[in-house]
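Here you get one chain, nothing else, as structure tokens; it is the form predicted on its own.
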Amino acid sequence: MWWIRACGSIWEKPMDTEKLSPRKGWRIAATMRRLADSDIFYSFCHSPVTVIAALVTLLIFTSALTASWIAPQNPFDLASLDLMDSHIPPAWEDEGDKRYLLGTDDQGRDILSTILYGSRISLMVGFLSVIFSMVLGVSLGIISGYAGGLIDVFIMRIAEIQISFPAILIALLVDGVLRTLLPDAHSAQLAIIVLVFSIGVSGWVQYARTVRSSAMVEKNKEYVQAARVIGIHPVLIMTRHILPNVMGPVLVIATIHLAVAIITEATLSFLGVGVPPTQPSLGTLIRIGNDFLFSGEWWITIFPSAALAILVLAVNLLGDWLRDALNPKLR
């Protein structure tokens, strides 16, 4: 298979180490050799679905990051928009225009350009939300598992209360409260911060529960007890000794949570409480196109919906593969 040959050729080709110092070149070569011989790399190269999902994810990420250079139009530049170009069907339709491959929306914006720029906003909100949830959940999970006692009971009772409600309802509640308290919450930059905080707060529980279980196991091992005996501060024990040993499951959760965060952001934007219309994400584009779906202008909502579905599916497939690849029982 072509992807297996491509993966194998990564370390078969000789490395040009003339510009590197002998020690640095040897370390890079040794690292690449260990990576190529690892079980995870072997599992990745021998899973066609995972390879395709990785290529699709990489393509979407690259397209979103380089949208300013590859997009045919800047949908945020009002001077370049023309209302006379609104509601143009895709280029292959009879009334289509070759300038707009996927057609235009009600404001004359190129659908392909709005998808590229909207994917950038959706990915940014998703990544920041996952990072916030991971930092909050891992911190509370380690403290709960290591400290125990009343601290553990207090943190876990809050987690159990929150997990009894759907994440979208928690995000809606937090978003509504913050928009009421903050007078400028509807501005573009602050709206994204509020959205990231809302999605992040709704997703920390899974990290905390997973890390807590691992921390309770790790704190009873000999290396942690030895660190206590020699007088190392508990904060250093949690960060230097316990944290590196509980990050494996966290990476799997973060990969899967990225798709959930993107879906949550799209849902909030579809409901009108996400990013403002001036900076539309994929959810906002779907909401705008939904108003014209039954009038025959299907392309305004179908193409952003397809882009969102493909992105979430690819990320989910990568998360499922990573979960299986890091599970020692399946090796």
Partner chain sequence: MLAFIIRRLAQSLFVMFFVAMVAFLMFNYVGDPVHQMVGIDTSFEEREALREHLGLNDPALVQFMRFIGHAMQGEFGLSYQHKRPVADLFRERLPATLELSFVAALLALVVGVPMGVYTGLNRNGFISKLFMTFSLIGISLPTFLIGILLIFIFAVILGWLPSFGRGEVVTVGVWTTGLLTQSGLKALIMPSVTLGLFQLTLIMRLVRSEMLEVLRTDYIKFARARGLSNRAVNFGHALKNTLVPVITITGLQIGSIIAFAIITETVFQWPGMGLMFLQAIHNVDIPIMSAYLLLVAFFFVVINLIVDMLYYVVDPRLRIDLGKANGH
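Residue numbers count along the first chain shown, from 1. Model, not experiment: these values are computed from the prediction.
The same protein also has a form predicted in complex with the partner chain, omitted here; what follows describes it.
**Q** Counting only non-hydrogen atoms, which stretch in 215 to 223, 161 to 169, 126 to 134, 141 to 149 is within 4.5 Å of the partner chain in the predicted complex?
**A** Careful reading of the contacts points to 161 to 169.
**Q** In the predicted complex, which of the listed residues (65, 271, 70, 54) lies with a heavy atom within 4.5 Å of the partner chain?
**A** Among 65, 271, 70, 54, a heavy atom within 4.5 Å of the partner chain in the predicted complex occurs only for 271.
**Q** Check 266, 302 and 308: does every one of them have a heavy atom within 4.5 Å of the partner chain in the predicted complex?
**A** The answer is yes: all three residues contact the partner (heavy atom, 4.5 Å cut-off).
**Q** Could you tell me if residue 249 has a non-hydrogen atom within 4.5 Å of the partner chain in the predicted complex?
**A** No, residue 249 is distant from the partner.
**Q** My question is simply whether residue 298 lines the interface with the partner chain in the predicted complex - judged by any non-hydrogen atom within 4.5 Å.
**A** Yes - in the predicted complex, heavy atoms of residue 298 and the partner chain come within 4.5 Å of each other.
**Q** With the cut-off set at 4.5 Å between non-hydrogen atoms, does residue 317 touch the partner chain in the predicted complex?
**A** Output for residue 317 is yes: heavy atoms within 4.5 Å of the partner chain.
**Q** According to a 4.5 angstroms non-hydrogen atom cut-off, is residue 322 in contact with the partner chain in the predicted complex?
**A** No - in the predicted complex, heavy atoms of residue 322 and the partner chain never come within 4.5 Å of each other.
**Q** Since the partner is left out here, which residues of 277 to 293 would have a heavy atom within 4.5 Å of the partner chain in the predicted complex?
**A** Stretch hits, in order: 286, 290, 293.
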